[in-house]
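Next up: a single chain in structure tokens, the form predicted on its own.
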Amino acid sequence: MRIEEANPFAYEFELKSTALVLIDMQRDFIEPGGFGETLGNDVSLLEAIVPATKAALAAWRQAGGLVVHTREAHKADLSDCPPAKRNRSNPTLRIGDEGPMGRILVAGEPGNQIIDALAPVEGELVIDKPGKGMFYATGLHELLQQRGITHLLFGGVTTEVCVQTSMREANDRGYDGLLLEDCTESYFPAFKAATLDMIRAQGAIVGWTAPSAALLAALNHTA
């Protein structure tokens, strides 16, 4: 398959060796009352990408492609959350504290779950990650290698933090990654714009970007 509208140049991939990765589309980041809002952020900015992301996910599922969901999640005893991370940003609530949707960013809590619109289905990988990047302390690389995955399509939040970190980690491990531009967002629009430029600079130094409509067109062309 080929996405002609990819930037900085066309992106080629095979369905069987490509996974769609949705980063941290969790209630704590996207819904009012979650961790993102306690940091003083406007979560409606992130909510706005849900329709496009849902459409891309549905099309990818229909095509039979592998789907990976990640959640930023910590153990209940916070043994995998260093103080330097927990104490950062001076939020109203910290990781592990009781919030409106349970303990903030703790595995198994209501707020730590992926939003209903993008909920995983049977057969999809769900990765709980204690860090920003999806490969750190998760074993995901080995799981992808077992499945013969070489290319990754990305969506999720936030663009400049967990999404970009994961794409850079993927690049270091030899994956060709493409970020779906309207399936990712930041609490700070200028940060998203800068991240897109950084990813595709210097001939796709980190990866490619493209609108989700271009992915849908590529999938429809081969249907």
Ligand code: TIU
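Remember, it's a predicted structure, so these values are computed and weren't measured experimentally. Residue numbers here begin at 1 and follow the sequence given.
One more form of this protein, predicted together with the ligand, exists but is not displayed; see below.
Among heavy atoms of T158, some come within 4.5 Å of the ligand in the predicted complex. Although the partner is absent here, A170 sits far enough away that none of its heavy atoms falls within 4.5 Å of the ligand in the predicted complex. Remark: A52 does not count among the residues lining the ligand in the predicted complex, judged by a heavy atom distance of 4.5 Å or less. The closest heavy atom approach of V43 to the ligand in the predicted complex falls outside 4.5 Å.
Each of F29, F35 and C162 places at least one heavy atom within 4.5 Å of the ligand in the predicted complex. Heavy atoms within 4.5 Å of the ligand in the predicted complex are found in one stretch of 53-61, 192-200, 150-158, 176-184, which is 150-158.
Proximity to the ligand in the predicted complex, defined as a heavy atom within 4.5 Å, singles out one entry of R103, H141, R86, K132, which is K132. Residues from 42-75 that approach the ligand in the predicted complex with a non-hydrogen atom within 4.5 Å are limited to E72.
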